[in-house]
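Both blocks below hold the same protein chain, though in two forms, and each is given as structure tokens: structure 1 and structure 2.
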Structure 1
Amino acid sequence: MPGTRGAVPVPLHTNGGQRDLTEEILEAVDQHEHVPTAEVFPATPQDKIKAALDRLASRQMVEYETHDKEQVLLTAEGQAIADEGSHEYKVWDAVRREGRLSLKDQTLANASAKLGQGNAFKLKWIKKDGDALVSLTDSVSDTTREQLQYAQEHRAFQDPKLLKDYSKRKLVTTQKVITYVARKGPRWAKEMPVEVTDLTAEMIADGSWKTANFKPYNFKAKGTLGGEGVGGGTGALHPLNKVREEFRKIFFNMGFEEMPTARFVDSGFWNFDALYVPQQHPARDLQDTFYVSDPPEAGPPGSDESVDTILAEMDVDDDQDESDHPPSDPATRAKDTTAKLDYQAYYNNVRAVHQDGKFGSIGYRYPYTDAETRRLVLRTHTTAISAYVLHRLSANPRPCRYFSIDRVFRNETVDATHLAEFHQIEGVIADYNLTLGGLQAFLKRFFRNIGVPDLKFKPAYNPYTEPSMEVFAWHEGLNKIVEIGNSGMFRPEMLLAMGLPEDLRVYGFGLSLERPTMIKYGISNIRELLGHKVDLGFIESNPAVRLDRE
């Protein structure tokens, strides 16, 4: 037997019984050309009404329009005024009845009466006569009460300007109300038709399919993944993720490997000291860096097993003859590499470089403290991971290329272009006898891949690179040259302390992920890209980008 179905009934409870709301709507539409559901079904919740209308509209039996408006509702104080009169009216009425009412009378002792006195004076209903109040008129028009009674009856004021005044006085509030007006649809029928959902062999054999009422396909229905309920949306990639993937493809095409960057919290040693940032540097102040209070400090520098294992999976030893030495698993290779590293010696080298000078450098010549190097911070740059990876490279020095794209944290004032967290794109290239000219040539090639053909370089200062360069390019939208990145060659004091050969040099360069994303998607305020102000419709509707295309 073929599958059949009608509309799923929406029950309507009344007087202890139960009715089918869809049938009630069909009956009302049959009797009236237009059916305002709020008037015909005043006690039925709006969501039930809409569910029934949607089921009928999906079969084109009815059509409906949606109307939403703000209704005025009286507060408890407003309701009391509508029922009993305004504060000023009550004061005037008490004075009128007494003829002369003492200012010390208990009738005037409550807060309502004190408020009413002021308004009654302004309206010239009463005046002060010695130590008493007297009436100035025999009758008054209580406008406040009349206007609130009108609002109570009509759910609105005659003069819309009154809403602001009465809301400010906390006598009324507003509530958004959604109502519907239903009418007959193209396939109107007073009774719910039975629809066939399956085409069977029997129907084809006996010809009944020719007259069967098949349920139409709803090609606008959402998928079954994610979203609300069973029929929710399938989700969408955030613009930052789209641009991030484009950058990853560029890096991979240029022979880079991706560094593991899961450590949001790092020690002061890896985040600052290993990068030759002095312990008195302003970047380490509380106003620039987020420090972690629990746990209060890290242990001494050492290996990270999870990071080492991931790096071991990427390592390729070109000198290894796999026929003679079958490759071990990544965890074993990671342990073999770690065994070649002396973290204590590395720490001592970093201390010496800072405090006394070493490897040809005079250092910063200040008392180096262990407490500062063990402080835990939310990493301020992914270069902390680069330092760890480069130190690991000293176990097997060789040319290599690494990159990372991940979140970093700065204690900055939030505005249209700055957040307390953002994403940093970073690349490092290690090779023998590298030069500054080679770095400039590489950067031109890299930025050409993201659609920036003409670069300008400006000398700059970074604690861990020397020489250092800021990278600028022409911005068509802003019609001026803007900074797009930073770069340099890692200092010998930093690399030699790790145990790397003197002729193995390293390029470093970086930029934010947010700036190119904002440029590509035409976003002027970074808070529209990240945070609670993000428009989900914008997230879902924007396509992926090609950084090398306009």
Structure 2
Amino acid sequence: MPGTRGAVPVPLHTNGGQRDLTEEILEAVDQHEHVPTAEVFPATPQDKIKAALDRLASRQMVEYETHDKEQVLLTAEGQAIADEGSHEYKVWDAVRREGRLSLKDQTLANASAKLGQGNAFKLKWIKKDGDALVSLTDSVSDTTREQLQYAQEHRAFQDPKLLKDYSKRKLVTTQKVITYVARKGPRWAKEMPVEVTDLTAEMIADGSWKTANFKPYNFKAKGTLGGEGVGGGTGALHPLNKVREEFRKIFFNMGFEEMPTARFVDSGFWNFDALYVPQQHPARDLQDTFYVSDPPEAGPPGSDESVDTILAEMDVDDDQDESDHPPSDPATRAKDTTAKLDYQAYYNNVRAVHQDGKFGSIGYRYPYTDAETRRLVLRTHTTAISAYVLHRLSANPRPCRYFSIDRVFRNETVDATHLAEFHQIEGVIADYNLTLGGLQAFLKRFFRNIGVPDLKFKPAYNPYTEPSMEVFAWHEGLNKIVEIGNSGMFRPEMLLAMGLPEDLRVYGFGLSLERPTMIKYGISNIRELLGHKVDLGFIESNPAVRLDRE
């Protein structure tokens, strides 16, 4: 309710001189120790009385008790009896007035009269005489009517046992009523004080706050954000991006550089061949990968100046000394790096290691086609970028850590757990003499940051890592271990083809961003998380992430 907390004194009389209900209640409580409101204010609706009592009770001027009571109400039939008399009375009355009433008389042709006849016989008010009815008495007492009239007046029967009988006969029903009994409270006063709803600058300035009577704050209600609708007054970040941000912080804390992944379209070469995915691998099927029809094909693999400059800019350790020389321009440094790389030689290596074997590998031994390398695809993983970055590392091989979190594309049939787009979280660590147990140790540290303490590692297959390990963790809800990520050490066929030294080994690991987010927010349908079908209310109200705290 906008405005209720403004700095406005609550006026004593809101209804233009007429005494309002609170005043009437105060008056009544002043005169009587106990005020049963239903009796004192029979015409006033319950909710109004309650509101007025609450207003007084919140100031402890009045206290009240609440009573639940069952009231008797007459049904339409019961009301008719109370007004006109019982069925048997009406029959007797008709017979009495006529002296003798033919059984075929119209008066007896209705349901009420049929019921009444039977009762009147039982009560011995009338009897049958041939084909007519005659009265047996001059006066009767219509108890039914009397009892109903009493119930109508008192909302109860004189003898409470009657209720059951009358309810059964559908002459009365009952209804729960709440009534209140009010009395003086600990801070009793007969008058409502003038109150202010809020502290104002003027009150501070003129000192009136010292004597002001503050309207009590409703501590039971929720506060407002001052905007329209639920959450309408606030901006919000998307939950997936909030989780993404948590992961980015974890990567930054562990010394990772963010890779330039703004490149949705890539060539078969970078997306598959460079990663030692053979050209007949099922992942390269039309069923799994989005191919691009226009533009028709990629150019030969080479350096990408825009990406290179960014990499040079971020690589503060790269070729920099700590002397007073002004730092060299990133674009220049990027060019220096590119000059050390031979992309044609790299391409030839990749071809050789697929087709004929090289670098200690027998290769896949199939006819390698250049056309496959030129096909453009929507990248199926961000590892396409990792391959580019790792190849670039061969110009100046050194330990480093890279990560990315970005969109990838798969030609999936869309359902509750699959979309054609999702986000991949990927980390790459290059260092000398890395071990498989070291990758496990790193992953334990990484996943501990998102609140997953215990991991198990399963041997797995992945064309570009050997060894490959699936990462499993205990899932409390499912009561079993579930896969939470993938990892491995990049194959020599991939790294040596790039020109990296043999002892520089490279870990790679990845997981989807959507999966942990869905678990975090209890979402079972991925379409409720990514894409245009997401509920805006959900975006506005989903809480902060804090992966390490739950």
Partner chain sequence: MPTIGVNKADFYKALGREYTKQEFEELCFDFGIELDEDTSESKRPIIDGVEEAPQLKIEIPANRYDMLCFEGIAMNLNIFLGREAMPNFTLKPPSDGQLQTVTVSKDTERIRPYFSCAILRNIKFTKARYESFIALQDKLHHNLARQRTLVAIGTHDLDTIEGPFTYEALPPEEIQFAPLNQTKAMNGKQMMDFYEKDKHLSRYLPIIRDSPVYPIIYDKHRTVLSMPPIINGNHSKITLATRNVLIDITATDKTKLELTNHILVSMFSRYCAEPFTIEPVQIISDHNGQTRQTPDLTPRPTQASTTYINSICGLSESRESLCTSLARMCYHAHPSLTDSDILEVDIPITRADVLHQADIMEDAAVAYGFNSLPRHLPRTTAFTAAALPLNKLADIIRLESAMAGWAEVMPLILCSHDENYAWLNQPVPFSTNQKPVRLQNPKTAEYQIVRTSLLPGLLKTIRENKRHAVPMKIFEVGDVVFQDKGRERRSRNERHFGACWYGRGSGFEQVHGLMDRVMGMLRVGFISREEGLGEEEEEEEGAKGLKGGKGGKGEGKAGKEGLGYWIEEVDDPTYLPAHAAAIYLRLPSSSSSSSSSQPPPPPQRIGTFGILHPTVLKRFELPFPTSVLEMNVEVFL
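Each residue is numbered by where it sits in the sequence of structure 1, with counting from 1. We call the rigid core whatever largest set of C-alpha positions still superposes within 1.5 Å between the two forms. Since we're looking at a predicted model, the values are computed, not measured.
Shown first, as structure 1, is the form predicted on its own.
After superposing the rigid core, the Cα of Lys48 is displaced by 2 Å or more between structures 1 and 2.
Relative to the superposed rigid core, Ala57 undergoes a CA displacement of at least 2 Å between structures 1 and 2.
With the core superposed, Lys190 shows a C-alpha displacement of at least 2 Å between structures 1 and 2.
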